[in-house]
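As structure tokens, one chain now follows by itself in the form predicted alone.
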């Protein structure tokens, strides 16, 4: 008798459509999403519900959602292999989030560093959604009985809270939710700002030269890399006190597959000008096919609509089972 193949593990991840997708998002997360599609059952969402914790302008928000969906398809997410839906199209996310709010402690939420950071940045709009955001994130993950969640350093705290919530709920009602594990991709790059390499590259950066967008024109990308902050040593070497060069080396390594040692050897005796040009050119070539595919998807809204509707339909059915199980355990009368 043939040995039964091991069931693929479920991976869940989501990204907010809060503006242009950056080189940091691509190298740090989305490129890994595409690589994981053959190994795992991947469930990906465009987290539009999360985005409104910060006030959005209506037309721009709608545009951002469409552009983000097209961008992620262009990066290589295959709707035939993975689910890729818009979060607000699957009603179970908001429903389970409310339930989990009631199993999340005020003290736990008040310790979230992202709440503190965003409250400081948006002092005029410190709303309840900003505070309870991690309960919605927990709902996103737990609805799909996810085995693993790819996480960067800035999301580890939220995943830990999701684990605590699931363990607390299971402790009361039995085995309802799978307790998710963090998944740290081997080739995930942490891309920093080109103008302040002590900070993560961010689409909200006020300095336009700090952040590379997936949709930037090749000459714009080249200009941004040529203006990247470095140091006075003028030696392409990875080391302490060389944040700017370390960042550029990390980007070059992620795009070319070369090790830091190989990069040091390649640019031995050469100045920063040569190195910045090489990094810029490598990034331009990496993003060229992404941009070409994006142009095709963004002009074919009916295809995108077909993709997100099909994925949302499957996600709704899958997640409804988890929601119903949780509600039944609590004692709700199901319709």
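Because the structure is predicted, anything quoted here is derived from the model rather than measured. Residue numbers count along the first chain shown, from 1.
Below, we refer to the form predicted together with adenosine-5'-tetraphosphate, which is not included among the displayed structures.
Using a 4.5 Å heavy atom cut-off, are 18, 151 and 201 all in contact with adenosine-5'-tetraphosphate in the predicted complex?
Checking in the predicted complex: 18, 151 and 201 are all within 4.5 Å of adenosine-5'-tetraphosphate.
Spot the stretch among 159-167, 92-100, 251-259, 113-121 with residues whose non-hydrogen atoms come within 4.5 Å of adenosine-5'-tetraphosphate in the predicted complex.
Heavy atoms within 4.5 Å of adenosine-5'-tetraphosphate in the predicted complex occur in 113-121.
Answer with yes or no whether residue 25 is in contact with adenosine-5'-tetraphosphate in the predicted complex, where contact means some heavy atom within 4.5 Å.
Taking the distances in the predicted complex, the answer for residue 25 is yes, it comes within 4.5 Å of adenosine-5'-tetraphosphate.
Using a 4.5 Å heavy atom cut-off, state whether residue 14 contacts adenosine-5'-tetraphosphate in the predicted complex.
Although adenosine-5'-tetraphosphate is absent here, residue 14 would touch it in the predicted complex, with heavy atoms inside 4.5 Å.
Within a 4.5 Å heavy atom cut-off, is residue 209 in contact with adenosine-5'-tetraphosphate in the predicted complex?
Residue-level check for residue 209: no, no contact with adenosine-5'-tetraphosphate.
Given that the partner is absent here, does residue 133 sit within 4.5 Å of adenosine-5'-tetraphosphate in the predicted complex, heavy atoms only?
Result yes; residue 133 sits at the interface with adenosine-5'-tetraphosphate in the predicted complex.
Out of 215, 109, 229, 189, which one falls within 4.5 Å of adenosine-5'-tetraphosphate in the predicted complex, going by heavy atoms?
None of the other options qualify; the answer is 189.
Heavy atom within 4.5 Å of adenosine-5'-tetraphosphate in the predicted complex: which of 29, 36, 278, 307 fits that? Just give me the one.
Selected option: 29.
Which of the residues spanning 71-89 lie within 4.5 Å of adenosine-5'-tetraphosphate in the predicted complex, based on heavy atoms?
Counting only heavy atoms within 4.5 Å of adenosine-5'-tetraphosphate in the predicted complex, no residue of 71-89 makes contact.
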